[in-house]
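What follows is a single chain, given as structure tokens, in the form predicted alone.
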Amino acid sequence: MSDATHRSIEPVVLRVLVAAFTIFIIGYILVPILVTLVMSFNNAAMIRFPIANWSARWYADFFASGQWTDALKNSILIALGTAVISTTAGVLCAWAFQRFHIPFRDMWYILIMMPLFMPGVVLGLGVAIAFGGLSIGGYAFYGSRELVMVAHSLWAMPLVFMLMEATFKTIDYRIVEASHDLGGGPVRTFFEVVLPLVSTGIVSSMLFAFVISLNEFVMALFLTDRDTQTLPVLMWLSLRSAGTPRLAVASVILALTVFACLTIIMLWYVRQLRKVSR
């Protein structure tokens, strides 16, 4: 076979392989989600397939249950708090690494990134042991939402830091210097010039942190009690006793929340692109 024939076949083979791999990945992601969605409409008392009778009774059961709605509320509140804490800390750390000379820079970088590579069981147990007996003004931190927020931020903050560090490198710093030349102080320049330039990265970071906290299970299992347990924790506890379609309903709610966050990220990104192209 000639070299010209080889060159003509290679792009076709590459396109076929890319298409096959893409279909496999999409199927691998979507099939479990679709199966879970279908099972949430099962009228039976247990998760069984195939479905004999279709019903939305388990959605009504989920939202009528105070235990499950409280767990969903806890998950959302903890995820919101984690998003605020990790995004604030991650943005400020990334800006400091980008703009200032920091002694022992490599050591600090390793310390910031280290929690991301630690197992959740290690972090959860460590936080529980370190802060389990801590109380301020009679308020016990163990079992509180605030403690779980801080623990989840150990995973979320390094991701925010990495994303924002890359985002800050895309800024045209002549704009920042121009703001300083016109009398804008460091704080005013940061809030009025820098943050609008990296708003897409900030929104993406906050939503990623929200999703990470919403779906985190291991640390929440160590750090929550009956009043503050999150939806993934309650799902795991319920799975050990009875696998009802209520679990599928909870899974669908979590999946829809993740899809909503991804949609917001994409819409915000498209909006910023349209602004730039004008």
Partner chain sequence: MTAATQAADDLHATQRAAQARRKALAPWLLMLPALVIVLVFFGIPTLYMVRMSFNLHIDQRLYVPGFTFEHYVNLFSNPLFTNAILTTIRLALIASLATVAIGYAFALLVWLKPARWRLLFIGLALAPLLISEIAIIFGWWMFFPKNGLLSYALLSSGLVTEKISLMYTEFAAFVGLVYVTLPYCFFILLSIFDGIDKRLLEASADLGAPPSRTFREVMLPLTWTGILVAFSQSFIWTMGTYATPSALGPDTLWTMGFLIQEQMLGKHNWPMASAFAVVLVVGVAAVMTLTRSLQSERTSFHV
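Since the model is a prediction, treat every value here as computed from it, not as a measurement. Think of the rigid core as the biggest set of C-alphas that the two forms share within 1.5 Å after superposition. Positions refer to the first chain, counted from 1.
Below, we turn to the form predicted in complex with the partner chain, even though it does not appear here.
*Asks:* Please determine, with the chain shown alone, which of 144 to 152, 67 to 75, 192 to 200, 165 to 173 has non-hydrogen atoms within 4.5 Å of the partner chain in the predicted complex.
*Replies:* Looking at the other structure, the answer is 144 to 152.
*Asks:* Quick one: in the predicted complex, does every one of I26, I47 and W108 get a heavy atom within 4.5 Å of the partner chain?
*Replies:* Yes, the whole trio is in contact, each within 4.5 Å by some heavy atom.
*Asks:* Give a yes or no for L182: in the predicted complex, does one of its heavy atoms lie within 4.5 Å of a heavy atom belonging to the partner chain?
*Replies:* Looking in the predicted complex, residue contacts with the partner chain do not include L182, since no heavy atom lies within 4.5 Å.
*Asks:* Taking heavy atoms and a 4.5 Å cut-off, does M118 contact the partner chain in the predicted complex?
*Replies:* It does: once the partner chain is placed as it appears in the predicted complex, M118 has a heavy atom within 4.5 Å of it.
*Asks:* Taking the partner chain as it sits in the predicted complex, is L125 near enough to touch it, meaning that at least one heavy atom pair lies within 4.5 angstroms?
*Replies:* Heavy-atom contact with the partner chain at 4.5 Å: present for L125.
*Asks:* Does the partner chain get within 4.5 angstroms of any non-hydrogen atom of L30 in the predicted complex?
*Replies:* Judged by the heavy-atom cut-off of 4.5 Å, L30 is in contact with the partner chain in the predicted complex.
*Asks:* Go through 199 to 233 residue by residue and record those having a heavy atom within 4.5 Å of the partner chain in the predicted complex; state none if no residue qualifies.
*Replies:* Heavy-atom contacts to the partner chain in the predicted complex: V211, N215, F217, V218, L221, F222, P232.
*Asks:* Taking the rigid core as the reference frame, is the Cα of G66 displaced by 2 Å or more between this form and the one not shown?
*Replies:* No, the C-alpha position differs by under 2 Å between this form and the one not shown.
*Asks:* For V31, is the C-alpha shift between this form and the one not shown 2 Å or more after core superposition?
*Replies:* Comparing forms between this form and the one not shown, the V31 CA shifts at least 2 Å.
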